[in-house]
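Okay, here we've got a single chain as structure tokens, the form predicted alone, with questions on binding and movement later.
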Amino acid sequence: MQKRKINLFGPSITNFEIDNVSKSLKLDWFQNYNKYQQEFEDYLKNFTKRKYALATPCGTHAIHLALLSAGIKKGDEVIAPNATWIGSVAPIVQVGAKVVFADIDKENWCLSLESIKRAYSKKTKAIIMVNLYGNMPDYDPITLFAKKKKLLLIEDAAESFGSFYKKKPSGNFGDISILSFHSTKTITTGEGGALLCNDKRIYDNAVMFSDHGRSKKGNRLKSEIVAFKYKMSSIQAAMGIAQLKRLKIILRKKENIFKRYEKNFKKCIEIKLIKTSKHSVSNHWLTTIYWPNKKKINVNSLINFLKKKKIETRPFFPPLNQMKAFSNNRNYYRSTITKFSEDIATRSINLPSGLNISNKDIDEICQHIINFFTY
């Protein structure tokens, strides 16, 4: 019998989600236009304690809308981590601004206040904080710094829905928060995202930019600006509503996955897991291990070793400033010293964390990794 592949990701989809999506397909689409989107947005507002929520086709669109709605433009600089998915920073370039790459903290792997201060200049207009792998940075001093310097603070909570900092939910930090509901995320709508804020001006701008530049007032066939079409479908929203109703179950499963890995790796002191930030509770979106510099383990060798065992893994995010998208276009960015971002990419991997993974799968993965490190 052929061995089943253990995938890196995988959502939890039950008949509850399937039934809710089926109901959305049977509605009178014109009579009930936006019914599910509005309900989904209401759930998001309630959970994150935000005044406004706008569902979008993906998290990257939400970041684009955030920057546009706040007036970030050509000549401005936006500080962002050098270690993240390109979707966190591509919209900065798309609005004509410049990315300033900063380093991540050695403990929680998110931007620290020190790295932000090093990256700051008179041209800085915004900071994009990425809550990497569900971890939360130390938001209090960063928020104070942003207010002092009058900087827009955007929380990229794509990976941290369900995490908390000082009992405050992810999605409630900074001027604007963005979420992602990609199929790899903690809860999913297949694709999808959301913009969250408390500022009516920013929200109204985002609504206009997301709907062909049309205002809610006046003739709906007339556009006030040339804009975009960034709207979530009713089918996606119906899926999201069902997932949100099961959030506690999903988060408990994520926590159990992490704890199982943690228990297994106690057998090998050289294998470390990212620490949860102080005063924080992580959603444990993606379990990640790393090892000391002195341990000469090649990332690709370990990934290929596990691939032969039908275990899917992936390396840590490669530094963005080393990718051709940026290194071949120096006008897109400037970079500060990002030693830890560059270093940790050479000694860490992401492990299978899908919601369909079993304890037996985790035990097998851990044993193979421990064997690789030991022999």
Ligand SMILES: Cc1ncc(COP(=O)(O)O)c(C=O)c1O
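The first residue of the shown sequence is 1; numbering continues from there. Just so it is clear, the model here is predicted, and its values are computed rather than measured.
Another form, the form predicted together with the ligand, is not on view; read the next lines as being about it.
Proximity to the ligand in the model of the complex, defined as a heavy atom within 4.5 Å, holds among 236, 282, 288, 84 only for 84. Only one of the listed residues (88, 210, 188, 163) places a non-hydrogen atom within 4.5 angstroms of the ligand in the model of the complex, and that residue is 88.
Proximity of residue 345 to the ligand in the model of the complex: non-hydrogen atoms within 4.5 Å are absent; the residue sits far from the partner. The closest non-hydrogen atom of residue 320 lies beyond 4.5 Å of the ligand in the model of the complex. Contact between residue 171 and the ligand in the model of the complex is not found at the 4.5 Å heavy atom cutoff. The shortest heavy atom separation between residue 192 and the ligand in the model of the complex is within 4.5 Å. Stretch-level contact analysis of 324 to 332, 337 to 345, 56 to 64, 35 to 43 against the ligand in the model of the complex, using heavy atoms and a 4.5 Å limit, identifies 56 to 64. Looking at 136 to 173, the residues that come within 4.5 Å of the ligand in the model of the complex, counting any heavy atom, are 156, 158, 159.
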